[in-house]
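Only one chain is given next, in structure tokens, and it is the form predicted on its own.
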């Protein structure tokens, strides 16, 4: 049975998510539809890229991923279908796949060209659904598109390294449900550039010189008086996705606050890592 996932900025209030699912079921009676997220900040490409990058590999090969973020079909925003590491991705060529495809070459990449057969202007409902169902029935990408050699990249997805290799310039790209601020700086690039050197991480007025392995490492369990005195204290870890994340221990944006709310670490806030030569 085919699996089709949905990642959109539609939210849950409007009828769009239900309409997309209904359109898929009209074409395919036997299919599993999985919601990855419909709470992507509207038109936020970097956020959508982060979410889908860290979810798709949990699905079996052959899964079809529809990404309905900034998906209006225009001459500058063409629609594409990609086969990458055994997974199919259907989205607009707006940079959303730049993070996923970093250092990877797709097995197939086509520009979807079935729009002349569709009258609706709801692209995720029509062109994306038709493409996904075609693939689910065993159809090939060549039938619904023409080959492409490259996709569009976007700024802000990848961090920059200074010419001296003493600094990494990144930014916050995602705020999770706990208010943790996730950056676009991976552990891989940190290790490659840092080479074990001492460092300072700066973001707004916050400064960090240590990266913890897990959130609870900030607690000194041997000191009975101070072991719980960590409320509101910031910490930095590499999260389960391998990206630098600024957090507070047991944060809650609705009660005690979080890194995002307490320190002002919102989307697009610059994050700089400066390495110190010994």
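No experiment lies behind these values; they were computed from the predicted model shown. Residue numbers count along the first chain shown, from 1.
Another form, the form predicted together with another copy of the chain, is not on view; read the next lines as being about it.
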Candidate stretches 132 to 140, 97 to 105, 160 to 168, 75 to 83, one within 4.5 Å of another copy of the chain in the predicted bound form by heavy atom: 75 to 83
Contact of residue 174 with another copy of the chain in the predicted bound form (heavy atom, 4.5 Å): yes
Flag residue 209 as yes or no: does it have a non-hydrogen atom within 4.5 angstroms of any non-hydrogen atom of another copy of the chain in the predicted bound form? no
Would you classify residue 57 as touching another copy of the chain in the predicted bound form, given a 4.5 Å non-hydrogen atom cut-off? yes
Quick check on residue 272: any heavy atom within 4.5 Å of another copy of the chain in the predicted bound form? no
Taking only heavy atoms into account, state which residues of 201 to 215 are within 4.5 Å of another copy of the chain in the predicted bound form, ordered by sequence. 214, 215
